[in-house]
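Here you get one chain, nothing else, as structure tokens; it is the form predicted alone.
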């Protein structure tokens, strides 16, 4: 490869690891930050060959679409809650551990909070104890298990076994799969299990009740802490285990689990407006555009908030698509026209037009 952008892409293009499998999760945990590269001026870009210009543009799209995780107040607050609950992870195995429930509306960074916390925890355990257990097994401090619609007790066990790569994940009865899952967790010295997309469970239905009871059973039997992630879990009666009225007070989950809400950015107060502006100022230097300038985002703080309603997921989508348009059109800057015209998720578009 003769040009530097093709060489950069050959090594640092879009990562395709599958975090629901141990190999993919391990790749996510051990991935190094992408190395930076210079942002060319318009004159320098004009001197590139057609192939170099194409590869440079592609490298910028990959870079712009993968900004760093910003330590927002929402992330800091969530980490504090998780840290406090994770203190129970130091309990001896005969004592029950608590669990964290990251419960919020869509596009507020719930999964990002959970996976980044879990990655940091995974790295700390590797540093302290190494990659191999005392019995010679692969150490996997964290298991990441995303659920799908209509998940059943057996399906949950299968997904957990698939994470560990167990060959019997698709065979065996519910009881056998449960035993295998427990053995995998224990053998790999897993200490934290992240269950994502928990809102796919219907806790008022039979399968939902079975899944809820199974999760409690795993928490009783395994020396691990659970982080549950989902949308509207309180409203879906996760904490009440689908029970109603006087029966709801008997729900163990409500006593064992600590809810960790995540809220959008609000600019209705001075403190909120400052936090939003700080987020934009932190993101601003990341984007590689030939005509980028200080204030490129902060000058349009109100516009960006109106378009995204302060939801960090919608903001990320808007900025990555705006950068792509600025590159393809030759605008090479994020101005009001680009930020106003690029289309993003349907919910953000609808709400921005109704306000």
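Positions refer to the first chain, counted from 1. Since we're looking at a predicted model, the values are computed, not measured.
Although it is not shown, the form predicted in complex with a small molecule is what the next lines describe.
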Note to self: So if I measure heavy atom distances to the small molecule in the predicted bound form, which of the stretches 146-154, 177-185, 164-172, 100-108 falls within 4.5 Å?
What the structure shows: 100-108
Notebook entry, point to check: Is residue 69 close enough to touch the small molecule in the predicted bound form, meaning at least one heavy atom pair within 4.5 Å?
Noted result: yes
Check: Even though the small molecule is not shown here, does residue 313 get within 4.5 Å of it in the predicted bound form, heavy atoms only?
Finding: yes
Notebook entry, point to check: Would residue 75 count as a contact of the small molecule in the predicted bound form, using a 4.5 angstroms cut-off between non-hydrogen atoms?
Noted result: yes
Note to self: At 4.5 Å between heavy atoms, is residue 231 in contact with the small molecule in the predicted bound form?
What the structure shows: yes
Check: Looking at 202, 120, 197, 284, which has any heavy atom no more than 4.5 Å from the small molecule in the predicted bound form?
Finding: 197
Check: Pick from 88, 133, 267, 112: which has a non-hydrogen atom within 4.5 Å of the small molecule in the predicted bound form?
Finding: 112
